[in-house]
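In the form predicted on its own, a lone chain appears below as structure tokens.
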Amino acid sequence: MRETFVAGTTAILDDDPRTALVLADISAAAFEPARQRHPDRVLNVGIRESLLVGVAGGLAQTGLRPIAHTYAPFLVERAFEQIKLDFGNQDGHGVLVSVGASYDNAQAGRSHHAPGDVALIDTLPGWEIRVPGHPDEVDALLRQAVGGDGSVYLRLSTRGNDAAHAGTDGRLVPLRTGRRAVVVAVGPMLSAVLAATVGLDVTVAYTNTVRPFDAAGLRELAGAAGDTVVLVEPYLAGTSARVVDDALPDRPHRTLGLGVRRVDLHRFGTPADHDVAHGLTPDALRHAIADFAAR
């Protein structure tokens, strides 16, 4: 996904003088050709993530369309106050693009893990949040984000599904139909969910857009599945539980949130080890989904 982002952003910088890119060393080598062509619109502030976001917010105030990019925990958790103030409170808008996801670089330790990034951005009003599940979904989401005028968080990962399944319209994409529950797979969780639900009487729907959430699509799918909803998200478990409640305020419903658990692991291991620890392997997902749907 990062390679697609670099190619797409480089092309956008060449084509649109309104755009600017702000880096904090991460991916700087990949963007060096773009920096040489556009030294006034490709800025590397070094390992200063608060400055990264502050500069991007300032560029937004001048009328440019800034893209701020670095590792997820540095971009969102470390610089959250600047996102809140220099974009939100100043009514500035731009595009934040992260790599690293929840634990793509698990071996680097807790400083490189960011399971809470989407929940943090979700505390701020008006942000769109896109979580592509395949490299082929990245370019269209990036171009839509940069071409708009709002604030967008694009969360990239080294992990992904076997194929692309969604465009940019934000609608839930049903891939299987069942009666006992609707399982919403977000971004790179889809392949694991499809493997986990083979033979289960559940609907599986995919999305790469969690804010705004397709409430109308969920109402339709949940109504045919007993208003039982399972969210499988590649970040903090239950992050989108509130949007399910918002989508079904007039109907009794049940919701199960699966994702990264609220535990602080001190043995970092590999991403596969974290999948086991957080119950996100196909076998663990199958057990959790089947048990909840059968109640």
Partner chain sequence: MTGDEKHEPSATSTLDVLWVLYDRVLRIDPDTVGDPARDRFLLSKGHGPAAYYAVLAAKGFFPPSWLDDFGSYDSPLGYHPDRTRLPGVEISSGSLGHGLPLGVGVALGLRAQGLADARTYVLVGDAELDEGSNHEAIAYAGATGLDSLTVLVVDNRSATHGWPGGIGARFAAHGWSSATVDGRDHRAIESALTTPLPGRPHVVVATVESKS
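Positions refer to the first chain, counted from 1. Note that the structure is predicted; figures quoted are calculated from it, not measured.
The same protein also has a form predicted together with the partner chain, omitted here; what follows describes it.
Participant: Partner absent here, but in the model of the complex, which of 223-231, 66-74, 238-246, 33-41 has residues with a heavy atom within 4.5 Å of the partner chain?
Facilitator: This holds for exactly one stretch, 33-41.
Participant: Which of Thr158, Asn89, Thr123, Ser111 has a heavy atom within 4.5 Å of the partner chain in the model of the complex?
Facilitator: So the residue touching the partner chain in the model of the complex, by this definition, is Asn89.
Participant: Might Leu85 be said to contact the partner chain in the model of the complex, defining contact as any heavy atom within 4.5 Å?
Facilitator: Yes, contact at 4.5 Å.
Participant: Counting only non-hydrogen atoms and a 4.5 angstroms cut-off, does Gly269 reach the partner chain in the model of the complex?
Facilitator: Heavy-atom contact with the partner chain at 4.5 Å: absent for Gly269.
Participant: How about Gly58: is it within 4.5 Å of the partner chain in the model of the complex, going by heavy atoms?
Facilitator: Gly58: contacts the partner chain in the model of the complex.
Participant: Quick one: does Ala28 come within 4.5 Å of the partner chain in the model of the complex, counting heavy atoms only?
Facilitator: Heavy-atom contact with the partner chain at 4.5 Å: absent for Ala28.
Participant: In sequence order, which positions of 29-52 have a non-hydrogen atom within 4.5 Å of the partner chain in the model of the complex?
Facilitator: In sequence order, Asp40, Arg41, Leu43, Asn44, Val45, Arg48, Glu49, Ser50, Leu51 come within 4.5 Å of the partner.
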